[in-house]
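Take a look at this single chain in structure tokens; it is the form predicted on its own.
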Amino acid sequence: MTTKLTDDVHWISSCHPDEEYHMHMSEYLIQGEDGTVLVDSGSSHYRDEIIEEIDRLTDGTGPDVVLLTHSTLPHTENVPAFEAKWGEIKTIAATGRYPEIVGLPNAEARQLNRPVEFAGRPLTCIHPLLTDVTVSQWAYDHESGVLFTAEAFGHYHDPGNCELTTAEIDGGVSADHIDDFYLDKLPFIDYLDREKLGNAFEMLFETLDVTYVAPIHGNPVSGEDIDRYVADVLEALEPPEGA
């Protein structure tokens, strides 16, 4: 499934349902004037579908750059299959040094906190404000205003909402879906300083002109929904009564 978020950013998503919730496994393809940048390689579980979509979107040439939000499975595991189909691809690891240690011997280390051109497209990689592992990063696309946030800003969703952005979901994303996702995927959140994180979010969104927050495991959050969504995330960080 592919949804066009902006003129040149495509959301490629597979939906992983279980008995209670659905969860996205997403990649994003940026089509710049000088080439294409794929954010994350996705899970091998959906490899055939992902390759088919990328092949269609790139007219059979494949991505010029793969920018990883994590240097862990399942975010990295399709890179070898991509190179087997389309040839060598410039890959940017979510580590500052030694990408070979995390199984990416041909990848380049990331550069943080300044715009770097990938296929002619300026993106800035930053330390994530909220994440599950240290070998991860967020990335901001300066031309589209899309902020790719990996695990953060993730949430479950109801059946029927698989292809929608938050602006298209009647009533928005359920706060319970956000809370349940964080409890399952980031169980340490009860120990975070909620005030400091809230201040960091506020500074981030005052600094960057964000059109969409694009998580790997959730519906893209449209710019108009960011304030409410951040409030729901901070609420999810509140320890349960009696904890």
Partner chain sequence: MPQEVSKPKYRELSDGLYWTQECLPLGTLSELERFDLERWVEPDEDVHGCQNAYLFSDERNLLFDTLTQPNSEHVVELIDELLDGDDLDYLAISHPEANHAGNTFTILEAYPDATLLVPGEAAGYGSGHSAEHELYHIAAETPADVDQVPNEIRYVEPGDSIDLGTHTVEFEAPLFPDHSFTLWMSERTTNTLFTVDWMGFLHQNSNCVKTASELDRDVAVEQVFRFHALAFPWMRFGDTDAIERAVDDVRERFDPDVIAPAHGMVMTEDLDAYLDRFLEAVTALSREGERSNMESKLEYILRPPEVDQ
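Residue numbers count along the first chain shown, from 1. Not measured: the values here are computed from a predicted model.
Just so it is clear, the following notes concern the form predicted in complex with the partner chain, a form of the same protein that is not shown.
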Contact residue in the predicted complex, chosen from Asp158, Glu163, Glu100, Glu168 - any heavy atom within 4.5 Å of the partner chain: Glu100
Considering only heavy atoms, tell me if Asp18 and the partner chain come within 4.5 Å of each other in the predicted complex. yes
Is it the case that Glu206, even though its partner is missing from this view, gets within 4.5 Å of the partner chain in the predicted complex, heavy atoms only? yes
According to a 4.5 angstroms non-hydrogen atom cut-off, is Lys90 in contact with the partner chain in the predicted complex? no
Contact test in the predicted complex: Gly60 vs the partner chain, heavy atoms, 4.5 Å: no
Using a 4.5 Å cut-off on any heavy atom, which residues of 30-53 would contact the partner chain in the predicted complex? Ser43, Ser44, His45
